[in-house]
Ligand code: ADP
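There is one chain below, alone, in structure tokens, taken in the form predicted on its own.
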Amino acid sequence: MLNVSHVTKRYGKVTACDDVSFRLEPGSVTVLLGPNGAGKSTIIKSVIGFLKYDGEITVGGYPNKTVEARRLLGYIPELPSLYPNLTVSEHMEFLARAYRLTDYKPRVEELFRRFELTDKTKKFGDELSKGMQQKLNICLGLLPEPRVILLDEPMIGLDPHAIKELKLMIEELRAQGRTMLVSTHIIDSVDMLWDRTLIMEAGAIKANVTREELERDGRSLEQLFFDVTEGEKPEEARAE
């Protein structure tokens, strides 16, 4: 459903992504892990089409910057970008009109209920707390019911109820055949959700492993992450 082939992105002399390739199948949740500066956000923004890059990215067989691909893609950025002069409800209406959605109001009501925004519908974007802004950010990303969903650090700033609800929704979307790529550096937040993990370091994919492969190897996701990013080190050295 999502195919990234030999993508390289440079900022001057700095290579943010170096020949990155991976393929995500329908009905799967892939976790993109890596330390800060590993290139996770760069590859996410390349997939969305925000950046110029060398290589090829397709969504459902369409080049990612085409109208056909954009109809399939959803994006929940790390930092919400809301309009200060639009209310919570107006944000959803604006997006629905932009996507030419019909019969979307029941979907809006459901999202508001699940993320506890029902009593915040008349508040303006800049009146919301950071946590509430992130909840609205998630609702906006999910409203068009995209086939491929990119989530960049989606749980930062959320309260426990919202984290639980988002995890439930990710499981539901996977069961519906949606493809999700979740970028994070907080391993515990996604440990029970993933089918495949991609681990990046210094702009490159250092590991591309399924849950079954990792379980056969007898390692946890956390162990794999530190083995990849820090190398096979004695426990004493890691504790220092």
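One-based numbering along the sequence shown. Worth saying up front: this structure is predicted, and the values here are computed from it rather than measured.
Same protein, other form: the form predicted together with this ligand, not shown, and the subject of what follows.
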Within a 4.5 Å heavy atom cut-off, is residue 36 in contact with this ligand in the predicted bound form? yes
Interface membership of residue 28, this ligand in the predicted bound form, 4.5 Å heavy atom rule: no
Taking this ligand as it sits in the predicted bound form, is residue 64 near enough to touch it, meaning that at least one heavy atom pair lies within 4.5 angstroms? no
With the partner left out here, check for me: in the predicted bound form, does some heavy atom of residue 42 sit within 4.5 Å of this ligand? yes
Among 207-215, 28-36, 171-179, 66-74, which stretch has residues with heavy atoms no more than 4.5 Å from this ligand in the predicted bound form? 28-36
